[in-house]
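In structure tokens, one chain follows: the form predicted on its own.
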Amino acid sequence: MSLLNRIKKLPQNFVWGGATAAYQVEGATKEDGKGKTMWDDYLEQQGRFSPDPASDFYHRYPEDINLSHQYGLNAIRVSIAWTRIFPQGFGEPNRQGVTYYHQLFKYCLDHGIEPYVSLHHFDSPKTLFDQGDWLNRQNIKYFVDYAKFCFQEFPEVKNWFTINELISLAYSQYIQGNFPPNHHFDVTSAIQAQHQELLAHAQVVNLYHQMKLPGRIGLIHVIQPIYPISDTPENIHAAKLQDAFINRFLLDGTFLGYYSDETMALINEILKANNAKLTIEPGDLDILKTAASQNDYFGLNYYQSQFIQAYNGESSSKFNGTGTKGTSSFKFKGVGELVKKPGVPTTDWDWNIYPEGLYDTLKRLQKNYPNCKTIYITENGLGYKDQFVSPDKVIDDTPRIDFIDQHLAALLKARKEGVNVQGYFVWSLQDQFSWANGYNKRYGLFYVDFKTQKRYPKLSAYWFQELAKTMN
């Protein structure tokens, strides 16, 4: 019986991958000379979740790469743990960490799986985090030095991303407060971190091309389209403000190389309402401008859209970290209040399931950002409470299949209309540790029994396998 739904066939030569992140899968946080990240002490003090052993990818990557190949994938997203290479974020490289990544990349390539490698995925070195993380310009220099080392050390890698989800880091650290250092609505830090992450990205892209390396480089943004809950002038303006803060500011900086007047008018309105400021130093925009046309490709992470209404009160938020549906709320002073739209389903973590937003985002990029060339969907997937029944019964995650199927349909519709989308990476390859949710929020094609580390293919893995055959 065929598992295929809306999507009957993938394009030829399509990149069909699974996504991971070092801290979420590797475990082994204290092995072989690895230094601490911003998370290690924080998670230990919290006492809720441990990142060890996560999915034990550090020791079990051959098994996961073999499963990737067996189930039809041809690519994998991985990240390098900065503190496996430089335990303090700088200084002498840790050869054990370097050797590990050489072995990982070789195993991928030997088994027909192309690695797409991120340099930073939410895991700043603890030493640099304690010195201000991305708010400290000295740390940009350390990041550039680390990137240069990796480019020289790993010529086998042809596809690089600088930083994953710049807004998620800034927003979670300084607005929602569910990542360390747990600030709430610290708008100055949030906008400054965005700008300086962009600067770090741009300097690394410029360096990569100065080195005349044969591969490709880009970055990854998560985009959440913002829609007014109704078409009143107040709600439309609230949508523009929220969009400017979480999407447009970063897209302008990446692909225009400057922040447009309209973008800055919206940002300045938010800053004024929150008694906040943004500092752009002389030369910053020159760096962004040089990089804007040199991004070889773009990684788009898409999970959900947001609906907003005007709001005039103080800021407040409640983060749903447990999967208790309906427990989240978000009100941003001078911006708006996120609300639910009747008829739009949500996950247990209150994320809107709205594939139309992916289509709208791809068309927006095509229209407004011509420097955005080749696009890959680098994360998309459904967080779900998968039910394990028995080892001989396939885990039925039909809702995940339906979610991915709908989003692939949106992708292929945009592609048919000329948007250059060349690949899709499901989040995630296997079940992983989730930063603010621990282990009950599962995304993987492969179920992980975290006590035994045994892998079990879910129904979605078989669906992926069947679709992969259509590329031949």
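As the structure is a prediction and not an experimental result, all values here were calculated from the model. We number the residues from 1 along the sequence you see.
One more form of this protein, predicted together with ligand BGP, exists but is not displayed; see below.
Shown without its partner, this chain lists Tyr61, Tyr447, Trp39, Trp427 as candidates; in the predicted complex, only Trp427 has a non-hydrogen atom within 4.5 angstroms of ligand BGP. This chain is drawn without ligand BGP; in the predicted complex, the residue among Phe143, Tyr303, Tyr174, Phe245 with a heavy atom within 4.5 Å of it is Tyr303.
Looking at Lys126, you'd find every heavy atom of it more than 4.5 angstroms from ligand BGP in the predicted complex. Within 4.5 Å of any heavy atom of ligand BGP in the predicted complex lies no heavy atom of Phe57. Although the partner is absent here, Tyr100 lies well away from ligand BGP in the predicted complex, with no heavy atom inside 4.5 Å. Although the partner is absent here, Glu197 sits far enough away that none of its heavy atoms falls within 4.5 Å of ligand BGP in the predicted complex.
Comment: 436-444 is the region of 49-57, 416-424, 403-411, 436-444 lying near ligand BGP in the predicted complex, near meaning a non-hydrogen atom within 4.5 Å. In the predicted complex, just one residue of 337-359 lies within 4.5 Å of ligand BGP by at least one heavy atom: Trp351.
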